[in-house]
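First comes one chain, alone, set out as structure tokens in the form predicted alone.
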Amino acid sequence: MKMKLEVLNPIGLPKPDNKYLTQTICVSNFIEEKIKEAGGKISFRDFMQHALYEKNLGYYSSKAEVIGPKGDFITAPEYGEIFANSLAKQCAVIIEQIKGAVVLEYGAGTGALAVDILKKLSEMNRLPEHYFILDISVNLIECQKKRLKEEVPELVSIVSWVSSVPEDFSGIVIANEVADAFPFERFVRTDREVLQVCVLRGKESFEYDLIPAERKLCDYIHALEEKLDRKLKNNYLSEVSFEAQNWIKDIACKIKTGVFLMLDYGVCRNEYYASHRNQGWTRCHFMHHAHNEPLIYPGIQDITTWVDFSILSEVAIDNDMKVDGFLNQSQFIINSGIEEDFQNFEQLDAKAQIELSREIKLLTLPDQMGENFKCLGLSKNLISNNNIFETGDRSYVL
């Protein structure tokens, strides 16, 4: 009997207003046309690409607000300056070590991280010659420009937006919550074969279909099982992002000398494909409600998956980078000298003390962002004197 994936109906999701209902209907109609053009079904990867990134239509190009209280989720930079200060200190090390070093931030969101990093670097007298931002969302780019102009007008002159990593890049690349959002394939491993998750249009909504996996995906799963030294169990559902791997390769090839810091929620390969994770890591966010069904509300909800840091580090190594370290976010912030953020704690009023304490808890406690979020440090052609990864390094698990 052929296995069937059912579309889930998450409990407790808020209802979209008329504006968002209109938007998701438009996106659904567009995807339905793409399914017809493809002969009746498309890969999950293609569904996600259309839902999130279709020009002038997808989630990241048409939804007015995706990050923040009025959006669907909040990232670490939105909570305060501590996260940015930790990254700024790493930028300062590279700027001091590499002559003419620049900073490039991937997926800068609302611009909060760029603003706070630049403020801290200015305070440290370690501003780079250029601070590049690479983003694909027109709406977010406008938001970033507005925020930078309002909050650090004196530093705007060194900021510029690019569509790709400059050739012969020397400096530091930062990517916070980027790798999780690349379109990915979903697959089901049965006792006999590897099946690829596809999407078709049913009578009332989108539905799943399973077909024999294309060669690239099938070969990847077989190679994965060799690395795991075990076969995935029957009807095992999970994900793989080839686009995230291509992204790492592109960065590694463009960097001449420098460091790449990637922060995201994820685990190593053995955890990612553990036997009990047989429903995968796909996660969706709609109006600050997290759930596991990507086929509902196309175009108005975020779709992500946790990151397999093992394969990304291997791709980097295959392209002449080396792994400097792998920390959880809590350890990364602590190693960056968090005590500096508390120097004037007693001089703060009660409200500011409460906010700072709350920020620390959100960023570092295991049941918040402290454990699930990781920092992977990669470098190329650099003899680092940076001790950020000396304490708590877990690169041995990759």
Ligand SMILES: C[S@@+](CC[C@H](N)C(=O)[O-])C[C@H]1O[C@@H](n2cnc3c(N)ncnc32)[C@H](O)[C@@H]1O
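This structure is a prediction, so every number in the text was calculated from the model and none was measured. In this text, residue numbers run from 1 along the sequence as written.
A second form of this protein, the form predicted in complex with the named molecule, is not displayed here; the remarks below concern that form.
Novice: Using a 4.5 Å heavy atom cut-off, state whether residue 177 contacts the named molecule in the predicted complex.
Specialist: Taking the distances in the predicted complex, the answer for residue 177 is yes, it comes within 4.5 Å of the named molecule.
Novice: Heavy atoms within 4.5 Å of the named molecule in the predicted complex: does residue 109 have any?
Specialist: Yes, residue 109 lies within 4.5 Å of the named molecule in the predicted complex.
Novice: If we define contact as a non-hydrogen atom of the residue within 4.5 angstroms of the partner, is residue 73 a contact of the named molecule in the predicted complex?
Specialist: Looking in the predicted complex, residue contacts with the named molecule include residue 73, since a heavy atom lies within 4.5 Å.
Novice: Does the named molecule come within 4.5 Å of any heavy atom of residue 30 in the predicted complex?
Specialist: Output for residue 30 is no: heavy atoms all beyond 4.5 Å of the named molecule.
Novice: Check, residue by residue, if 53, 60 and 140 all come within 4.5 Å of the named molecule in the predicted complex, counting heavy atoms only.
Specialist: Every residue of the spot touches the named molecule in the predicted complex.
Novice: Which residue, 136, 218, 287, 158, has a heavy atom that falls within 4.5 Å of the named molecule in the predicted complex?
Specialist: Going through each option in turn, the one that passes is 136.
Novice: Looking at 334, 67, 38, 26, which is the one with a non-hydrogen atom within 4.5 Å of the named molecule in the predicted complex?
Specialist: Of the candidates 334, 67, 38, 26, 67 is the one lying within 4.5 Å of the named molecule in the predicted complex.
Novice: In terms of non-hydrogen atoms within 4.5 angstroms, which of the given stretches 314 to 322, 178 to 186, 149 to 157, 233 to 241 touches the named molecule in the predicted complex?
Specialist: Answer to the contact question: 178 to 186.
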